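Just the one chain here, the form predicted on its own, laid out as structure tokens.
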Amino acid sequence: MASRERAPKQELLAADGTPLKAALRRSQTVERRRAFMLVAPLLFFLLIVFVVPIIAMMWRSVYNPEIRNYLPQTAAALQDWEGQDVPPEPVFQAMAADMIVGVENRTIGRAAARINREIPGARSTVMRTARQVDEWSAPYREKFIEADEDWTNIEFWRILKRESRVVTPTYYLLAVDYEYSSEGEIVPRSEVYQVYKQLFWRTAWMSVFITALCVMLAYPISYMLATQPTRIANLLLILVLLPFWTSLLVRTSAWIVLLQQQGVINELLVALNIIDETGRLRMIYNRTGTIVAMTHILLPFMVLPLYSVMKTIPPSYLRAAKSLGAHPFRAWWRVYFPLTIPGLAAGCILVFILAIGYYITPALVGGDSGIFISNLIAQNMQGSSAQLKLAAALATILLVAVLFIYWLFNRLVGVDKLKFG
């Protein structure tokens, strides 16, 4: 039987006569462009006030232009020096030329301050010599050494050569309590100066501890809110939200009044003869004060996600489990608790990230043993001895640590499963 010839398929057309597929693609392109234009102001805003400052901070943490900019001839001359003996005459001649220019441009002080960060006391050596060098003539090597014996210090020249690099990991080494030795090897800093690594660990474990305390306190509060009648639940929820309507400084200052040795709590304990006058508890300006105050401040951030999830769980689930013979705790653990995990996980990640970067409360009530790494970052940004590059390195490490924790949390729990309300 002869096979029938199939008629060719006619391409579907739009109302204007164009192929339907092309018309759909054009329509989708227009919708994408329109959607992009709607979010473009927000993207531009985030780029300007968030992404660009972070990139600038990370670049500043490794950017080291002072020696190269203020002592350019010396930096170039030191590239051929092997670092085994006092540099030859061309290096001192280059240093003299840079000093003369630096005194005229008033930049020699900046170069001296940068060298002084690596070798304490070097600033006076540089500035004292710079005031005399314009009166000298070649050869300069002997005149430098006669002016100050520190110019024979090989370590000084090695550090000067090392710090003439424009990009350097020096500040990241300092941020984890390491440094370069005079031979250029990476070695631990003296124990007297090892503070940053300890502060990073303290910030991490205290943030975890505060998050755990918030979970312990927020879970029963959220459960009570979710199981109460609507009118009572709304009233209690207002009490939970009330701290948001009070200044953070006021709340922190209130804890100072409560926890200090002459404060309300100690006075009450003395009045009840629980402790005597000589045994007053020291609960402020230490870790205890930081933990108590921050737990109170961050507790609503745990309550709200938990409450939003618990409110959607029908009470009949627990009743059904109990009616089938489950112990109340087993019914709660096997039925109710798994349903609250999205809100619990959301509260944990929210409280932990807020806690690890907190600044005001530890600064006010933390004392020496309760401050966080954020307080040291701020300290390195302020004052006459501000070290912005070191602060940028510390902040970058903190940022990378938080991003890593977020990535790990996403792998283990899944951010798409969280419920914030």
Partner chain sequence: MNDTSEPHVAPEPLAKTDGTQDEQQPMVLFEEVQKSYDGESLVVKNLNLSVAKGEFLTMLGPSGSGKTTCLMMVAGFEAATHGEIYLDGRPINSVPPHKRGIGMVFQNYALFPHMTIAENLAFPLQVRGVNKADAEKKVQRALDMVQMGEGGFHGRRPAQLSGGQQQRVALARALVFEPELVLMDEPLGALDKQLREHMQLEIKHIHESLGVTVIYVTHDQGEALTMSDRIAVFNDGVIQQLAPPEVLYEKPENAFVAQFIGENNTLHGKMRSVNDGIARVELTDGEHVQALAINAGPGERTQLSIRPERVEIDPDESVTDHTVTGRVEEVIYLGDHIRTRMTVAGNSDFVVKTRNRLGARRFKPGEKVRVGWATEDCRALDHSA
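Since this is a predicted model, take the numbers as computed values, not measurements. Numbering follows the first chain given and starts at 1.
What follows is about the form predicted in complex with its partner chain, which we do not show.
With the partner removed from view, the residue among M216, V195, V264, L339 that has a non-hydrogen atom within 4.5 Å of its partner chain in the predicted complex turns out to be L339.
In summary, among the residues A320, I274, V257, L248, the only one with a non-hydrogen atom within 4.5 Å of its partner chain in the predicted complex is A320. The candidate spot formed by I154, R158 and K161 is out of contact with its partner chain in the predicted complex: none of the three has a heavy atom within 4.5 Å. Put simply, R330 is close to its partner chain in the predicted complex: some heavy atom of it is within 4.5 Å. The closest non-hydrogen atom of N105 lies beyond 4.5 Å of its partner chain in the predicted complex. Taking the partner from elsewhere, S316 is found to have a heavy atom lying within 4.5 Å of its partner chain in the predicted complex. The closest heavy atom approach of V335 to its partner chain in the predicted complex falls within 4.5 Å. Note that among 322 to 330, 90 to 98, 234 to 242, 132 to 140, the stretch whose heavy atoms approach its partner chain to within 4.5 Å in the predicted complex is 322 to 330.
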